[in-house]
Every structure is written in structure tokens, then in C-alpha cells.
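Take a look at this one chain, the form predicted on its own, written out in C-alpha cells.
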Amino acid sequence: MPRKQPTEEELERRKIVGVNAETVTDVTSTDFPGNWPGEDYAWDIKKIIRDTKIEFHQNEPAEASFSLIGVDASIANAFRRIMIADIPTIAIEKVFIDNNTSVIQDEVLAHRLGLIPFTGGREGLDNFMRWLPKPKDNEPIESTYFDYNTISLELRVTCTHNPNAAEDEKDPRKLYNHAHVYAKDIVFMPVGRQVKYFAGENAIRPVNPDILIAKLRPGQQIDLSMIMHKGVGSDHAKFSPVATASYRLLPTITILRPILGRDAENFAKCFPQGVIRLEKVTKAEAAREGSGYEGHASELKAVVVNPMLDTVSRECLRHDEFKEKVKLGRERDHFIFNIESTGQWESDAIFLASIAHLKEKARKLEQQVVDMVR
């Protein structure tokens, strides 16, 4: 016998992950072929296009927040992993130390330099810079260095006394010259066609010029050169374009029975500011039979206004007076992403690049399947 098709309410219920006082329920997706008798969940590209939405909440060069709606968790997580590990950036890979008399060991100094995020002209980074090839057997790696795959930098700083400092000066930054070595002291050394792509405002430079590298005292010196090239986060975290790329499911807060008066005030305190609003019960609500507000005109009631701000602390479920009046959950297909760029890519461009990267992965997989069955 064919099964009766589910109502819209039932379909919405299936999307909710239950958040209880001690447990989480309904965590498994059910929208796949064969799970529900008589219901068709076969892959449909038209349905995917119709149901998938992207809504930006914040879009700044360094940070973006948006909702990805209507996709499976595997797709959302694929985007997250690609943004962390597969989007290419440039970073310092080799450090050649000629002289280092600071208190920082050579290995630690090289590690600190490698973690400094750099930026430069977008056209040069995207279209001109290519991958550094692996050298052939018995071939020195320097033979693979060219202007289109290698960027040279230098850091040459010596600390000296400042003859113009006051006699009672205590601040070492005024008492000495170059007492602190910053990322802005790193000098870009363009070669070949790099002058065309990385000139002026497009020059290779640290994202934050005030990153502290080392502290020196008179007589101490740092004299070194560096090599940068393209890499991805799966090789080393220094190549990752994001400081963080994370997502969370949209919280849902359903008030089952009216919460009024002092209880409403206490209920609002269980959530971050802006999630719950206190409103007065209108005369129309109080006069409507079965509303739960009968005889409570002008009393305060709790109303959910912005569940996205909720941290799902479950604080309200710890109070006996609310346990039967509220139900918490999360929408399983509504992902709230937060992306913080390290500065080489704009935050929204990282997400767009992850989409293109996933499409390319899918295309290659499709081609491999085609080749396999030939």
C-alpha cells in the first residue's frame, strides 16, 4: 500500500535535531532513498538548486559570517575542510641565516618567520605565481627557483644605542635603535617579472606590519634571507588562508506553553541578550479562547526573536518551571559559517574558492569513473 505523503509540519520536524537536558536526539539524516517507504529522495539537481541558499550576515575583508541552507552536513564540512587545507597561499618556506646573535635560537626564529601571514597583488598571486616543482634526482632545489614560483625576502637588523635618547630614558625602544624587530622590517626583493606584478601597493608585504619577531640589545644582530612559495594548509598550517573556518547549526527555540510575568523575565535571562524579548499580552490574545493568555492581558510574555544569537547552553532546561514549556533544537540543514581570513584572501573569496575547488574535485572524480568503466 502506498504511504501517505508527509505534511509540511512533519517534514519540518524531521529537520530538527533535538537538544534535551542531558541528551541529543534525531542526529541522523533521514532524507535519503529507501528510508521512508513511499517517499522519493533520489538525487535531483533541480531540487538542490531550488533548496540551497546562501545568506550573508557579515561580509568584511577579514571576517565573514553567512548561512548555508539546504545542504547535507557532508557538503558543509567539505567546504570547511577545503577552506582550511586546500586553498593555496604563499608563506616563508626556507630561511638562510647568515648571522643571528639574538637570544632566539635559529630554529625558533625560522619558525616564527614562517608563521607570519603575507599578502600582495591579487593578480600576481592568482595568475602569475605557480607551484614550485619538485627537483629531479640529484638536482639541487635551487635549479627550480624562478620568478614565477619563488619570492625572495631579507631581514637585516642590528641593534645600536640611540645617541639622542634622554639620560633617564627607560623604554628600550627609545633607548636603542631596533630594540624590537617587527614584520615591517622584512624587505621584499623582487626579481624578473615580479616588478610588474608586485609593485607599489601590490608589493609582497606582511598582513600586519607590527607583528613582533624578536627583541634585540646593542651589539645583537639578525642577518638572514628567506624564500617564499605557494603551498596549502594540508602541507603546513602556515599555508592555511584562514585563522578559523567553522560552522554551527541554527538553534531553534519553541515555546510550547505561554511563559508569563516573572517567569518570562527569568526565562529571558537564560539566553544571551537579543534572543528573547518581553512583550505585553494584547487584549485580543487574552480574549482568544485556547490561546493560553486568557485573563493575562497586559502581563509580560516571553517571545523568541533571534534564535541565531543563542549559544544553546540549555540553561532554561535546568529550571523545573520551564521544562514542559520550551523545546530546544537545531536545524540540521542550516549551517552558520564564520570565516576569519589571515589577510592574503578576502574572507568571502575563500568560500567562493572552496566552491570552485569542490567542483573541480567532482569533475575529476567523474572523469575517473568514466575512465574506469571504459
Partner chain sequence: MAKSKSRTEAPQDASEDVVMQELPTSHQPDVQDDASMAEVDAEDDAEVEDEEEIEDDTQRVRLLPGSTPTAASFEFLNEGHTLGNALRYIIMKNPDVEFCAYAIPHPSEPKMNVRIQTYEGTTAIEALQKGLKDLQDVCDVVSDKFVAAQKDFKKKSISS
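Fair warning: this is a prediction, and the values are worked out from it, not measured in the lab. Positions refer to the first chain, counted from 1.
Just so you know, the form predicted together with the partner chain exists too; it's not on screen, but the next bit is about it.
- Of the heavy atoms in L365, some are within 4.5 Å of the partner chain in the predicted complex.
- Though the partner is left out of this view, V71 does reach within 4.5 Å of the partner chain in the predicted complex, counting heavy atoms only.
- Residue contact with the partner chain in the predicted complex: H57 places a heavy atom within 4.5 Å of it.
- None of the heavy atoms of F96 is located within 4.5 Å of the partner chain in the predicted complex.
- Contact annotation for the candidate site: I49, I355 and V370 all lie close to the partner chain in the predicted complex (heavy atom within 4.5 Å).
- With the partner omitted here, the stretch from 133-141, 159-167, 251-259, 283-291 that lies within 4.5 Å of the partner chain by heavy atoms in the predicted complex is 133-141.
- Of the listed positions (C270, I75, I211, L175), a single one reaches within 4.5 angstroms of the partner chain by any non-hydrogen atom in the predicted complex, namely I75.
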